[in-house]
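Only one chain is given next, in structure tokens, and it is the form predicted alone.
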Amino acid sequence: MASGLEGKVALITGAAQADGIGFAAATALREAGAEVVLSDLARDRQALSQRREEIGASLALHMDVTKRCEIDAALEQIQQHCGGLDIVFNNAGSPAGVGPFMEISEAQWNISLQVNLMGAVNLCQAAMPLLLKSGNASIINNASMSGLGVVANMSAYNASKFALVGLTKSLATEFGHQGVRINAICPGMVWTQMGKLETEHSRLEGESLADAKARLAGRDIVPMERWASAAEIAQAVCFLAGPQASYINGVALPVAGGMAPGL
């Protein structure tokens, strides 16, 4: 059955990690028939090239979302090679803003805001002219459950993700009538590289990694009592990008197994 994504051009940021949400979304979009463009930092050049080969992506671009000049250069390549742009998945993010409030440095605050918020701002501003030409475009921002509720010791990360949800809703009101839908996904516990680091940092004294993983996704936290796979989050991205979500705009969608958002 046709997915409605055939021939669409999709740009995914933060796509170099084999076990990450970005690459999982790129894989799902490619399988649905979209023409996929991967992007990530230049330091991930080899990994990004490998990801491109694995799924037959059209382009693999080295792009820092905090640098408008790199975004502009990447979009120029996309326009020349693909002829346009229909889908943007703002997945690039940083967990730098995690820790006790009094210990989070100015540098950590800056990284959190520059990557998690301004990275999406930069790409949305730069890509909007191309998306408006599509006539039926979609932006999906990866906001996290930390953009809907908070837990302790994540103040900078929480602030950046709450701001990203606010950006999503603001852009949805501004561009929805022009043929560009803007939504956010809010994943909970996802077993990616970032999830593994979070588990490692959350281990109790004497606790194994496996026990910490089980505790963090216990029934009192996640009713489904397990972590999500990146592929499960990717299906939500595909849904919001496609025609099945044609009347969904300005939504921050939890993809978290029933996990409560926090305070």
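Numbers follow the displayed sequence, beginning with 1. As the structure is a prediction and not an experimental result, all values here were calculated from the model.
The form predicted together with a small molecule is left out here; the points below concern that form.
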{"property": "Heavy atom of each of Asp64, Asn91 and Lys161 within 4.5 Å of the small molecule in the model of the complex", "result": "yes"}
{"property": "Exercise: Gln77 in contact with the small molecule in the model of the complex, heavy atom 4.5 Å", "result": "no"}
{"property": "The small molecule contact at Ala16 in the model of the complex, heavy atom, 4.5 Å", "result": "yes"}
{"property": "Interface membership of Met194, the small molecule in the model of the complex, 4.5 Å heavy atom rule", "result": "yes"}
{"property": "Partner proximity in the model of the complex: Ile21 to the small molecule, non-hydrogen atom cutoff 4.5 Å", "result": "yes"}
{"property": "Listed range touching the small molecule, judged in the model of the complex by heavy atoms within 4.5 Å, from 205-213, 218-226, 41-49, 27-35", "result": "41-49"}
{"property": "Val190, Leu85, Leu148, Ala96 - the one with a heavy atom within 4.5 Å of the small molecule in the model of the complex", "result": "Val190"}
{"property": "Contact residue in the model of the complex, chosen from Asn142, Thr168, Ser138, Ser112 - any heavy atom within 4.5 Å of the small molecule", "result": "Asn142"}
